[in-house]
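So this first bit is one chain, no partners, the form predicted on its own, shown in structure tokens.
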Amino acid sequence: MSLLAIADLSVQFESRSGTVPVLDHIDFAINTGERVALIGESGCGKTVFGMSVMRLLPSNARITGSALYAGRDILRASEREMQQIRGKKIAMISQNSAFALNPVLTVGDQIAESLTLHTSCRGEGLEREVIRLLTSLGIERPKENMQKYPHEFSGGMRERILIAMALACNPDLVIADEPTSGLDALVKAQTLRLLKSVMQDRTLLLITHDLGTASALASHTAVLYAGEIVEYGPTHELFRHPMHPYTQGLLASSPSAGFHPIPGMSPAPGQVPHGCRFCPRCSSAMDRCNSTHPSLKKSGNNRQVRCLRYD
């Protein structure tokens, strides 16, 4: 049984200019112990997907479909019920630690907040648990550093603090949104090693545009383009033998492959082509790609692809 099963998930935003669709009919599942990456260019809907699961989208968002966590549809849960799930059952490592942390609270207070809400830890026991978390994530002099504010730490250290906050209550699922974004190469490598270590036996949904991060951390990868999944499969197979032209383009555009960017730009939300959404940028497109929208089809060893000529 899947720990998290997304079925027919669609997200639209109501604006002054009308309804803007961002995610269309997403089917997605994560089993206990799996580490799944959701990759794609900026603007394809990755973060919206993560925020949908956490039920943290703004009030003008309209969500349809279902998201079964441990068999329960959290899209239908009340806000009171979600407060008991966030942090305790499903936790999120938000992107951009400079903005994700509260600048007027010490890092110790911010880590303790989830523990206070969801556990019986109080007083000295609470302090010991915060120190244990900081120590486990390689932060030296934890008792001293827990009294400091976010601006007193480097970007890499702030990222470790966000990870500590997410792991505080030992959640069933961790959603990591661009955990290495904005870090220099050395700190990024250190953060990847840390995440690989602490997520070894955990269930992870990794949201990233960084193919190296996905390759290092994820057992399975889903590729998102213009609001829909276009390819899914075991990470090593998907990266070695990509089936969809968009996935092939993403891999070719990485520096290690010689940096060959995909021509053109992804369509803006609400302005997707009638047929295949990648057709205007695809060098392998046929005439019928302009008019026929491909479905997501199974192909062999737990692979799925949305392309009329993938074979």
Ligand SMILES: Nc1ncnc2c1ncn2[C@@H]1O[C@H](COP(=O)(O)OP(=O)(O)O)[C@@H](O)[C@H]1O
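The first residue of the shown sequence is 1; numbering continues from there. Just so we're clear, the structure is a prediction, and the values are computed from it rather than from any experiment.
There is another form of this protein, the form predicted in complex with the named molecule, and it is not shown here; the text below is about that form.
- Listed residues Gly43, Gly65, Pro242, Gly249 were compared with the named molecule in the model of the complex; Gly43 is the one with a heavy atom within 4.5 Å.
- Within this chain, Val48 lines the site of the named molecule in the model of the complex, having a heavy atom no more than 4.5 Å away.
- Using a 4.5 angstroms limit between non-hydrogen atoms, Asn60 touches the named molecule in the model of the complex.
- In the model of the complex, the named molecule sits within 4.5 Å of a heavy atom belonging to Val22.
- Of the candidate stretches 256 to 264, 65 to 73, 52 to 60, 24 to 32, only 52 to 60 has residues whose heavy atoms lie within 4.5 Å of the named molecule in the model of the complex.
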